[in-house]
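Heads up, the chain below is alone and in the form predicted alone; it's given as structure tokens.
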């Protein structure tokens, strides 16, 4: 566990950029998840699309997915990295100007995304729908962050690089490589381009990008945050530092080869499909090693989990990490994929990771950071605890509903009658059967979103309403 002071002054470290990223995380989290709930309502009750092209499911869905990935998740990842790496390296960020450029450039990019995609300006690639000028902006801004990141490491005042930094490095190196290679295109106009790949090659590159965007944006940097913030919140050392190193190297080696499991039963050569499946199954070992390392860090501190909402969020997050990284490898097996592919089971799996692992770790991290950054006590621990239970019940209801929907969907699509024909030849029969599951999904997503609103109110009250510690009588401290 890093042995550094919690309350370093802004003269030593640049905490203003972390504050900005946290504010942006809360704002974009509300926006992206509100769109998600609206989309869930459209699936359960179709008139919610309002008959307006820009508000249809097909146009708003990429706004939601990109909002959760690049707005909510990336913003809190950036904020957590800026806060933790300065303290781990015991040096201020190399350039405050690059930090500011990174923040404002990223927010400008996000605004351009929510304007262009509903207007139908897209290159129709999963998690990479943005048109080519926005792709250029993403690359430039991220490279500015990478320069600042690596120059800060170069100027560090400690020799050892704590394991969290290694997870951050994998994120900072891999994401721009994935982004640039997947989005190589020939511009035809300001809003339209032609990809340099075609056919099966395009699909393989896309899912090399798509799965590793999950691996190196939604997994490795958040694991780095786990290895920094979980020990600090528990006031305990990491259970096994050696295991954390094994976790890192095994994960980054195996993850990069797993993308072809998205293309089982396709025109991709069987050997490539098998490579994706085998490496996906092997991923179970480092993933569960990391989960156990996180949970065992709480040895001797489990009594704190009963009262500390930060630890509550982090324990559930690490647990969902374990569940999602068990489910994913199982779904990559051909026989399981035959049942689950193109069903809501896949959507449930994605959201168990996005809401359960990513979201809960983000909430826990921010609840830990906000009082320290603004040097004020959290406005309401009970509100934070209410947020925890609202989010936990919400994500469980959401995920279980879609597991049920996916299994129902897959089994009905494969059902054969006594004559050897499909028992449900009309897809609409399956859709009507799924309606109760869609309502369950909507309720779960709404509960989760309500928790985010509670968090936003708690943070606003902490910053604006709660007096500074210096103004609190000594007896009340």
Partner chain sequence: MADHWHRRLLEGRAGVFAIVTTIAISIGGLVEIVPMFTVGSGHMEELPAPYTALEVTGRDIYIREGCVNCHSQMVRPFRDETLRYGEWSHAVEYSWDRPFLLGSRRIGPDLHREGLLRPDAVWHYEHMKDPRSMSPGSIMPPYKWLLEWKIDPADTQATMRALAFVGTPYSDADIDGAEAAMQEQGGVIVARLAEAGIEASWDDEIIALTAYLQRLGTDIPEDEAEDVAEGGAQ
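Treat the numbers as computed from the prediction; the structure is a model and nothing was measured. Residue numbers count along the first chain shown, from 1.
Same protein, other form: the form predicted in complex with its partner chain, not shown, and the subject of what follows.
Comparing 290 to 298, 323 to 331, 259 to 267, 366 to 374 against its partner chain in the predicted complex, the single stretch with non-hydrogen atoms within 4.5 angstroms of it is 259 to 267. Among residues of the shown chain, residue 302 is not one whose heavy atoms approach its partner chain to within 4.5 Å in the predicted complex. Contact annotation for residue 56: at least one heavy atom lies within 4.5 Å of its partner chain in the predicted complex. Using a 4.5 Å cutoff between non-hydrogen atoms, residue 192 counts as a contact of its partner chain in the predicted complex. A residue is said to contact a partner when one of its heavy atoms sits within 4.5 Å of a partner heavy atom; residue 440 fails this definition for its partner chain in the predicted complex, lying far away.
Checked against its partner chain in the predicted complex, the candidates 100, 196, 393, 147 yield a single residue with a heavy atom inside 4.5 Å, and that residue is 196. Note on contacts: among 362, 276, 224, 356, the single residue with a heavy atom within 4.5 Å of its partner chain in the predicted complex is 276. Counting a residue when any of its non-hydrogen atoms is within 4.5 Å of its partner chain in the predicted complex, the hits in 21 to 52 run 43, 46, 51, 52.
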